[in-house]
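Only one chain is shown below, in structure tokens, and it's the form predicted on its own.
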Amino acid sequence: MAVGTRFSDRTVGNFNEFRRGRKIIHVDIDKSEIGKNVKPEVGIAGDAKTVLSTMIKLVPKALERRHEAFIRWLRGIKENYEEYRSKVDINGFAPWKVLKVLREVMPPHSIIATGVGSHQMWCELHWDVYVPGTFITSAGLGTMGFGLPAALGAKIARPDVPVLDIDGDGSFQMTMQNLALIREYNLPVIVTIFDNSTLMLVRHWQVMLYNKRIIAVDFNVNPDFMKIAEAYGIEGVRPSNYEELRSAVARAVRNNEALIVDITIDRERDFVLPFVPSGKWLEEVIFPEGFRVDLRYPGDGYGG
């Protein structure tokens, strides 16, 4: 069952897998998307909330119990992955630990915006969303520079809610001139920059899929983001450990102040895994070293 998806190559991987006797229900408000890339067994054009609310009323109790079993299986995968990550340690800042600290410091109702890059993928894996509508990202559109303007818009729309932009050094430099608006309109937005001196998402593909032929992605001379912050009259910090990160962000939230945080990330180890290569199916995923899980749902005789 697919709700509000256009079945793009970025989300599907191998289209042939959808032509092997799978029965697909496709729900989308745009009827032109239904059947465009993948032909469904049933196509429903309509608002997701209306369609799903109607379907829930038609679902037999037996199917509800099966759904609960499937959700437990998914949660088990998530718990195993989180346990694995908790045991992995690296020198310097680990992206997933940075996000854990930020999540602990930011209030549950905070609005989070992201740029585009490896930091965005880490957020997809490790950022816990507690309140609907508080995670803003350009997703598969891949709009570099999206994070800061989105965060500013969110802060203007909801001035009473803390707003955090999780960005990468490449994505941030696309639109960092918008820092002028933070001072012009006194918008207390917190910006955290995953500073790995590269366009990491592209570098990831070059390493994983192109035999480590790295070209036109590394920044040999990155700007000093602390001086950028100073130029715009915004406080900037470059923490050396997690406690300094925690303290700086907690202070900015408490005092309702703008802040730019420059976090140094090792680009040689900043590979977002698990990773499904382009054109591959989910079962062909590349796992991080030391972690394995069976992604084939065992089921109980009703759709495994």
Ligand SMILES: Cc1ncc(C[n+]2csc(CCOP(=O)(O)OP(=O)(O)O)c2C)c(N)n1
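Nothing here was measured: the structure is a model prediction, and the numbers come from that model. All residue numbers are counted from 1 along the displayed sequence.
What comes next is about the form predicted together with the named molecule, which is not displayed.
Not one of Thr192, Gly236 and Leu259 is positioned with any heavy atom within 4.5 Å of the named molecule in the predicted bound form.
Exactly one of the stretches 110-118, 153-161, 96-104, 224-232 approaches the named molecule in the predicted bound form with heavy atoms within 4.5 Å, and it is 110-118. The closest heavy atom approach of Ile182 to the named molecule in the predicted bound form falls outside 4.5 Å. A residue is said to contact a partner when one of its heavy atoms sits within 4.5 Å of a partner heavy atom; Val202 meets this definition for the named molecule in the predicted bound form. Using a 4.5 angstroms limit between non-hydrogen atoms, Asp165 is distant from the named molecule in the predicted bound form.
A residue is said to contact a partner when one of its heavy atoms sits within 4.5 Å of a partner heavy atom; Gly142 meets this definition for the named molecule in the predicted bound form. Taking a 4.5 Å heavy atom cutoff to the named molecule in the predicted bound form, the contacting residues in 157-191 are Gly168, Asp169, Gly170, Ser171, Met174.
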